[in-house]
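So here's one chain in two forms, each on its own in C-alpha cells, numbered structure 1 and structure 2.
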Structure 1
Amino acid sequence: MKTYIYLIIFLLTTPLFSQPSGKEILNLIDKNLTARTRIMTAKMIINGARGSRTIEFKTWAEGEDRAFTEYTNPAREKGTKMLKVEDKLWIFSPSTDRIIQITGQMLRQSVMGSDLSYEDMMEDPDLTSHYSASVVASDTVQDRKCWVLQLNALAEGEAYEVRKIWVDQERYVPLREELYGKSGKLLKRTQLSEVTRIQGRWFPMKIVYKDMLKAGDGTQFIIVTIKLDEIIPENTFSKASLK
C-alpha cells in the first residue's frame, strides 16, 4: 500500500515534460535559421504613409559577416548593390555611378523608405553568440503554442539591447518579436509566418516589420526562393563586385 501511495505522489508531483532553458531554445532557433551560406531572391512590399511599392532583389550571404545584395526591380532601383564585410557596408548607386560607405548610426537608417534598417537588411546574427535568454511566459500565436523569451544583449553596440520573442514550441521558429532600444523603448515589431520545411529545417518565408517610430502599415519581407549551404564564389564579397 505504501508503495502505491508513493507512486501516486511521484506521478502527481513530477512534470509530464521539462521546459527547455532559454539557451537551449536559442540553440534550436539558430539551428533552424542560421546557415553557412544563404542565397535567396526576395521582395519588400513597403506600405508607407503615401502608398505602397515593391522592391525585388537577390542576396548572397555567408555567416553573419559577409553579404551582397543586388536590386532587380523596379527599373529605377535596378542595379543598386550593397556589400557588407564584417562591420563595413558599401552601397553602389547606378544613377550616380558612385560607391558610398555607410557607417555608425547611418546603419540604423531606413532602407529605401522601408521599416528595415541597413542592419536589419544585411545582418543574420547567431542569437546564441549575441544574447542571453530566459523563458518568461507561454502564449499562443497563430494557433501555435509558444515560449516567450526575453533576450538581453551580451555586449554593447547591438542594434537592439533587448528582444522579446514568441517561439513555436514544436518547430522552434520565432512567430512574433518585439525589439527594444537601450532606453527600453519599443522600436520595432515583427510577425513571422508561412513557416516552411527547407532542407531539413523550419524557416519563415514572410516577415512583416513595423517600425514603431514611423507612420505606415509596415513592410512585408517575402522570400521567394532560398538555398542554404551552397558554395558562393569568393569574389562575390569584394568591392569589385559592386561595379
Structure 2
Amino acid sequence: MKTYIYLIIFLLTTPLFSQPSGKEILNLIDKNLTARTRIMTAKMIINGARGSRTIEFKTWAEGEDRAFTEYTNPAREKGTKMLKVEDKLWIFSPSTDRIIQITGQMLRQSVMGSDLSYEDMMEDPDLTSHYSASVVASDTVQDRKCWVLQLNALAEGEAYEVRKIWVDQERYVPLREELYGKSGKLLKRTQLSEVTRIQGRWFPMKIVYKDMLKAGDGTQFIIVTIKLDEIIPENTFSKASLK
C-alpha cells in the first residue's frame, strides 16, 4: 500500500493562475511525489465481520518501483515481509522460511482482510504518463476548496479507466479520489484527511479506502511517522533481505 501512498504523498507550490490545467496539476503532483525515498511506520485498521483489527508495519520505499514492508504487529503477522520490485511481488513468512511470489488469482485477494487487494498495492502510481487529466469542476471537501480533476486512461490495460481526484486548491493535497470502471460505474473511493506539515510538505496522515460495491465501513490507513529522502541501503530491495 506504500506505493499507493505515493499517490497521496505530495506537495504543491502555490499556483500562479487561479485554475491550473489538469496536466499542470498532475505534473505538480508527480513532481512532488518523487521524494527519492520514504520510510514510514503506519497502521491499518480493518473493519471485518468480527470487529476491527489493527495491523502495524514499517515500509521502506524508493521511487515508484521498489518497496519493502515489514509487519510488526499483531504477533501473528510479525516478521512477515513483502517486497515489491517493479511488477513483481514476493512475500516472506518467517514461520515457513519461504519466499512466495504472489501471482494470478492471489493478486486479487484482499491484503490482510482490507478493502485493498495486492493488485491495488501493485498499481503504478505514475498518473501523468498513463492518464490524461482535465479539471472538470470545483468542489468543497472537508471545508476546503478543491479542484475536481478527471483522469482518463491513455491506453488499454489500466486497472481503472477513469479516476477523479479532489485536490485542495490551496495546499494541493488530494482529499478524495474515486475510481471508475469503463462504463462509468464508481468502484472505489478513497478519502484523505488529517493533512499535516511534514518536512515542509502537506501530508494526509489518514486515508480511508472503501470498495463501493461492497457493504461495509472500509479500511483506514494511518501514517504514524514518516521520513522523506533518507538513504536506504541498496540491498533492502533484494530477495535476500526478505529472509
Partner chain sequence: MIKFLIKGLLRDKHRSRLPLIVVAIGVMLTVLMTTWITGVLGDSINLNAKLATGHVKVITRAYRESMDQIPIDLSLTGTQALISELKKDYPTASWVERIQFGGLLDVPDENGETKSQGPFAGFGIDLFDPDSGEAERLNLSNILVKGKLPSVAGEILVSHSFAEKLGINMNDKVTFIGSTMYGGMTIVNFTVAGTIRYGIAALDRGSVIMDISDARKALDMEDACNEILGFTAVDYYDDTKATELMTSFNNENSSGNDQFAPVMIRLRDQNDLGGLIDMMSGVVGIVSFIFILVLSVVLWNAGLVGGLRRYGEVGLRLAMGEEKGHIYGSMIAESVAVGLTGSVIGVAIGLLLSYLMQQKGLDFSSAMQNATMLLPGIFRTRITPEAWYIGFIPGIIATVLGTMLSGIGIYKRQTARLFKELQLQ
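Here, residue number means position along structure 1's sequence, counting from 1. Every value quoted in this text rests on a predicted model; they were computed, and no experiment measured them. Under this definition, the rigid core comprises the largest set of C-alpha atoms superposing within 1.5 Å between the forms.
Here, the chain labelled structure 1 is taken from the form predicted on its own.
With a cut-off of 2 Å and the rigid core superposed, Glu170 has a Cα displacement that falls short of the cut-off between structures 1 and 2. Relative to the superposed rigid core, Gly63 undergoes a CA displacement smaller than 2 Å between structures 1 and 2. Superposition of the core reveals a Cα shift of less than 2 Å for Pro74 between structures 1 and 2. Superposed on the rigid core, the forms differ at Ser183: its CA is offset by 4.6 Å between structures 1 and 2.
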